[in-house]
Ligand SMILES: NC(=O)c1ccc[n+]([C@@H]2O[C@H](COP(=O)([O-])OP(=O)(O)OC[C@H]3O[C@@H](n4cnc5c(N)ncnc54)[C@H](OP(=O)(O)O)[C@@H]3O)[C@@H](O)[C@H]2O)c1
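Only one chain is given next, in structure tokens, and it is the form predicted alone.
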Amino acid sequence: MNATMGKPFAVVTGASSGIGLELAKQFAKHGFDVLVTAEDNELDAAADEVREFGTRVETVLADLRTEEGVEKLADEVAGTGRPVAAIALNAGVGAGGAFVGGSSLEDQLAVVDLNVRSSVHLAYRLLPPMTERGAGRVLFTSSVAATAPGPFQAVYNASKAFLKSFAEALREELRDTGVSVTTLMPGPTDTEFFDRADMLDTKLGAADKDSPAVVAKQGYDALMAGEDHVVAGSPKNKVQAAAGNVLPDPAVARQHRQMTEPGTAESE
């Protein structure tokens, strides 16, 4: 892989669709070469969409739920020989349903492995070269779900709370290194998430959702501005995030249940 003269280089995970694909497009629109990764066969078609902006796009097919997949990606990034100007750690998955009796352990642990473990692992591998150069930007895709306990998606909400805390801590640790860390916190977004999480029969799954292109633009703009976080999407997401930060957790959990309990899509 030869570097394109003069262009910065960005890495985006979970880039085959949704917010990740739109983040890759944002980098391409703004003059970055991009390395995109995902574990599904939609990746090649997604890369072609990004190439339409006239930039160089590399693909890495890797399952980031596994240690082998994370190491493969890290090695491929290092193998480019290019300094990474920006990383968007966006790959994530959900698992709806009751934790006890309504979901599989395999699905719940996949949430931990992809949302939490792979983000920590990749950050550990990819951030040191940035700090050594004294330059770089890192975006973690968390969620407004990070501000609320999440009945019927308990592990997912907890994983997003972890990412928010982890990103804010890294931001402070790296404050004087020239590397900035930003947290993207979207609300419900029109992606494949709710289908894959088996949440289409919930009120949240059936509700109107934000455009992933809008969310990605807000995330990109916040990253480039060096902001610590951005609650992206519609204004109601900011209200939800604010409520989650001030109301007692039991009250927030009860409100959340009304949106995520299976079967609520049909309730008034």
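Since we're looking at a predicted model, the values are computed, not measured. Counting begins at 1, following the sequence as shown.
The same protein also exists as the form predicted together with the ligand; that form is not shown, yet it is the one meant from here on.
Colleague: Using a 4.5 Å heavy atom cut-off, are 14, 143 and 189 all in contact with the ligand in the predicted complex?
Modeller: Yes, because 14, 143 and 189 each have a heavy atom that approaches the ligand to within 4.5 Å in the predicted complex.
Colleague: Just one of 84, 114, 127, 155 has a heavy atom within 4.5 angstroms of the ligand in the predicted complex, so which one?
Modeller: None of the others qualify; the residue that does is 114.
Colleague: Just one of 201, 58, 49, 42 has a heavy atom within 4.5 Å of the ligand in the predicted complex. Which one?
Modeller: In short, 42.
Colleague: Would you classify residue 95 as touching the ligand in the predicted complex, given a 4.5 Å non-hydrogen atom cut-off?
Modeller: Contact with the ligand, no.
Colleague: Residue 38: heavy atom within 4.5 Å of the ligand in the predicted complex?
Modeller: Yes, residue 38 lies within 4.5 Å of the ligand in the predicted complex.
Colleague: Check whether residue 244 has any heavy atom within 4.5 Å of a heavy atom of the ligand in the predicted complex, and answer yes or no.
Modeller: Looking in the predicted complex, residue contacts with the ligand do not include residue 244, since no heavy atom lies within 4.5 Å.
Colleague: Look up in the predicted complex whether residue 72 has a non-hydrogen atom within 4.5 angstroms of the ligand, and give yes or no.
Modeller: Output for residue 72 is no: heavy atoms all beyond 4.5 Å of the ligand.
Colleague: Out of 165-173, 74-82, 87-95, 127-135, where are the residues with a heavy atom within 4.5 Å of the ligand in the predicted complex?
Modeller: Among the listed stretches, the partner-contacting one is 87-95.
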